[in-house]
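Next up: just one chain, as structure tokens, the form predicted alone.
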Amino acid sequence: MSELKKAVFKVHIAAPIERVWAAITKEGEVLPFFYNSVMHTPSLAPGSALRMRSLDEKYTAVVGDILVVEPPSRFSHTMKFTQYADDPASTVTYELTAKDGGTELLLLLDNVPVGTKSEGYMMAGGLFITQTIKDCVETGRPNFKNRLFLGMIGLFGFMTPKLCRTENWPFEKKVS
């Protein structure tokens, strides 16, 4: 790998900044915009481990470490897909700004390793994540197309690689 990539995804959400902040930092609940994962962390504070797990906690899809927590405007963490554990960690940052009676959400991706499977998933996922956060905050659920997509993910959950089992990704395991 020789290059790292940056990307920015932007969306306006017709809701107060505090509601958007609460949505992206919610723990212990299925988050459709994170592909129906549940965010787990010992503490929502810089330096804490972050894990995105299945509802039954059997699988962990994403691991990282929290870098910045500045309510209600900035949340940042490193991230790695567990099924591509050899790819270097990237950085994901959510920047929120109260604007035009709602919230402007920027999803910033940094240090994305070019030419990896992680790059492909992250570039495709940026649009899905920002649009689904908008839909969930504004209407309480993803749009129809994304609900179908999330349903398909659920149907094929049995195909998740053993490498992604949660016992392989304890909080103590550093990923950065």
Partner chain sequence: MMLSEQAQDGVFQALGHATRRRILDLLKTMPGATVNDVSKYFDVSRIMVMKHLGVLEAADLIVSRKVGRVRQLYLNAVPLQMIHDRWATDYAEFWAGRVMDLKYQLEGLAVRKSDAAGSSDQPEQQP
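Residue numbers count along the first chain shown, from 1. From a predicted model like this one, the values you see are computed outputs, not experimental measurements.
What comes next is about the form predicted in complex with its partner chain, which does not appear here.
Judged against its partner chain in the predicted bound form with a 4.5 angstroms heavy atom cut-off, the residues Lys6, Leu127 and Thr139 are in contact without exception.
Stretch-level contact check against its partner chain in the predicted bound form with heavy atoms at 4.5 Å: of 128-136, 40-48, 22-30, 63-71, the positive one is 128-136.
By the criterion of a heavy atom within 4.5 Å, Lys10 is counted among the residues contacting its partner chain in the predicted bound form. The closest non-hydrogen atom of Leu55 lies beyond 4.5 Å of its partner chain in the predicted bound form. Although the partner is absent here, Asn111 lies well away from its partner chain in the predicted bound form, with no heavy atom inside 4.5 Å. In the predicted bound form, its partner chain sits within 4.5 Å of a heavy atom of Leu106.
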